[in-house]
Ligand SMILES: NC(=O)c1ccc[n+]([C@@H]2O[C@H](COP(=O)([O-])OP(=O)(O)OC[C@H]3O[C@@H](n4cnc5c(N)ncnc54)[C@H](OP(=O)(O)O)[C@@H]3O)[C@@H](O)[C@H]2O)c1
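For reference, the chain that follows is the form predicted on its own, supplied as structure tokens.
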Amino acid sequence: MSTLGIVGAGHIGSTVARLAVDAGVDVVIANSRDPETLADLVADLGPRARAATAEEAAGAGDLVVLTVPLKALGDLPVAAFEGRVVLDTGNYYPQRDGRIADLDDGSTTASELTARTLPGARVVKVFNNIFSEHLGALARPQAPAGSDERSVLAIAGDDASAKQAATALLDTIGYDVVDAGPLSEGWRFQPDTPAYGLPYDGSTDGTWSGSTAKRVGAEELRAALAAATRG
């Protein structure tokens, strides 16, 4: 791929942008404000990055990383995502997003809600269960796929070709993939599950730390996904 759109310039969005430009991918990135507010970020990222509106970023490439709070889904330029593969990093945090009944009762998942909001897009859930500093530290783009140097990330999605596109991007930036199944299984690596956050944390006392990162292989992540229970 030549260009990656990123809608959302927070910790995950800016980290993915850095990994992408370092791997030779052009990035068009947007936030909820004016593109001018991203001047410092794109200057730091270098000539492969430019700031844009959310509509422009969504239309810039076939793949779009969407990293916005669930409460902001209603503000998205829905038509701009038509036909795109959308890599959804979203999680449900009631203290931030407010209560969402369909998520509280387990009748749907966060990324299924995103897919419902963007009916013309093919949504893949990814990047939602890893701390941004760990995401940046564990990338191994020069290591061969399947090697002992690489960590894995979980994906979930309903479209096989979209998952293939997500897998190709992850390979480019230095990660392997464990396929967790359809979007309806995305809850297996949401907050408060064994696959969320801590597998990648290298601290010795069992607490979450951004200063250390630990490689996670496919077997370990599959075990964490299998251990998940739905409350």
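In this text, all values refer to a predicted model and were calculated from it rather than measured experimentally. Numbering starts at 1 and follows the sequence shown. Heads up, when I say rigid core I mean the largest set of C-alphas that superpose within 1.5 Å between the two forms.
The form predicted together with the named molecule exists for this protein as well; it is not shown, and the discussion that follows is about that form.
Exactly one listed residue, out of G181, P69, G197, P35, brings a non-hydrogen atom to within 4.5 Å of the named molecule in the predicted complex: P69. Put simply, of D148, D104, E82, D75 only one has a heavy atom within 4.5 Å of the named molecule in the predicted complex, and it is D75. Of the stretches 137 to 145, 89 to 97, 114 to 122, 154 to 162, only 89 to 97 has residues with a heavy atom within 4.5 Å of the named molecule in the predicted complex. Although the partner is absent from this view, N128 contacts the named molecule in the predicted complex, with a non-hydrogen atom inside 4.5 angstroms. Contact between A54 and the named molecule in the predicted complex is found at the 4.5 Å heavy atom cutoff.
Taking the partner from the other structure, the named molecule in the predicted complex has no heavy atom within 4.5 Å of any heavy atom of T108. Using a 4.5 angstroms threshold between heavy atoms, V7 counts as touching the named molecule in the predicted complex. Shown without its partner, the chain has S132 as the single residue in segment 132 to 150 with a non-hydrogen atom within 4.5 angstroms of the named molecule in the predicted complex. Y196: CA moves less than 2 Å between the shown form and the other one after rigid-core fitting. Put simply, A137 and P199 come closer in the predicted complex: their C-alpha atoms are 3 Å or more nearer than in the form shown.
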